[in-house]
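For reference, the chain that follows is the form predicted on its own, supplied as structure tokens.
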């Protein structure tokens, strides 16, 4: 093979290529290290971050989650319940949740660095050791111990019955709107609803015009019958992080009462008699209130009681 001689310029070029190659190897080595999953017990946050997070927590979070993160209106942020909720998840999942949903009275107002500081303080209170700074790049690699629990049950087709929402969220998304359709018979005769399309167009309002009048009452009654049973799915929690009290006979009875009421509404609605359905809606108020005054409205000391259906089960009564 013919030997190639390099002049000074060629030597400088070759040296530059070699240095670049070594630099790339170093970068890939660092990146590979940073990309490795690390447990939360491996010193993944700094003491300075936790100190900043403590100040934020006291100002923004303690009223709901408790001074010691034990859970009051909001769920606990330490202990077995918290670790079970985040089992197999990353610090990024925790930070994303803080950014998107906290504080409850003003979600979305915390910055991502602030949420990261809060995550650091949560780890500190959970007695995980401090170490290096928790960076945005490291968040997805920092993992909580354990794995997500398997679904509690499946339906006839083998699909898992997945518990995603807490009871308050579930009620707001499912129970509350269907109950309000029935309550609205006190103000409006469904038979007079002509279902006019909204101007300007609105998808939510349009839905009530596509299936309007007595159809809405029928559908709401059927939906309440089918969905109320899901209050009792094992694994669902209250807003404060406590398990839904499905082992309490009175809570189970309250759930049955709502389902029975919906069945009664469906039958009466077939008469298309607005006076009869409107009268029944008063009973719905009692059915809801019977449960709320035991499991929701009696707030713990220092926490204002909620008095509306969308409040969900939010108090320490769920600890029973």
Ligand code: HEC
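Residue numbers count along the first chain shown, from 1. No experiment lies behind these values; they were computed from the predicted model shown. For clarity, a rigid core is taken as the largest C-alpha set superposing within 1.5 Å between two forms.
Just so you know, the form predicted together with heme C (HEC) exists too; it's not on screen, but the next bit is about it.
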Problem set entry | residue 291 within 4.5 Å of heme C (HEC) in the model of the complex, heavy atoms | yes
Problem set entry | is_contact(residue 112, heme C (HEC)) in the model of the complex, heavy atom dist at most 4.5 Å | no
Exercise. Would residue 71 count as a contact of heme C (HEC) in the model of the complex, using a 4.5 angstroms cut-off between non-hydrogen atoms?
Worked result: no
Exercise. Can residue 241 be called a contact residue for heme C (HEC) in the model of the complex at 4.5 Å between heavy atoms?
Worked result: yes
For this session: Identify which of 125, 143, 102, 220 has a heavy atom within 4.5 Å of heme C (HEC) in the model of the complex; exactly one of them does.
Result: 102
For this session: Would you kindly say which of 50, 277, 61, 40 lies with a heavy atom within 4.5 Å of heme C (HEC) in the model of the complex?
Result: 61
Exercise. For the chain shown here without its partner, which stretch in 190 to 198, 205 to 213, 134 to 142, 175 to 183 has non-hydrogen atoms within 4.5 angstroms of heme C (HEC) in the model of the complex?
Worked result: 175 to 183
Problem set entry | Contacts with heme C (HEC) in the model of the complex, stretch 242 to 278 (heavy atom within 4.5 Å) | 251, 254, 255, 258
Problem set entry | C-alpha of residue 120 moved at least 2 Å between the shown form and the other one on rigid core | yes
Exercise. After a core superposition, would you say residue 54 shifts its C-alpha by at least 2 Å between the shown form and the other one?
Worked result: yes
Exercise. Is it true that residue 239 shifts between the shown form and the other one by 2 Å or more at the Cα, once the core is aligned?
Worked result: no
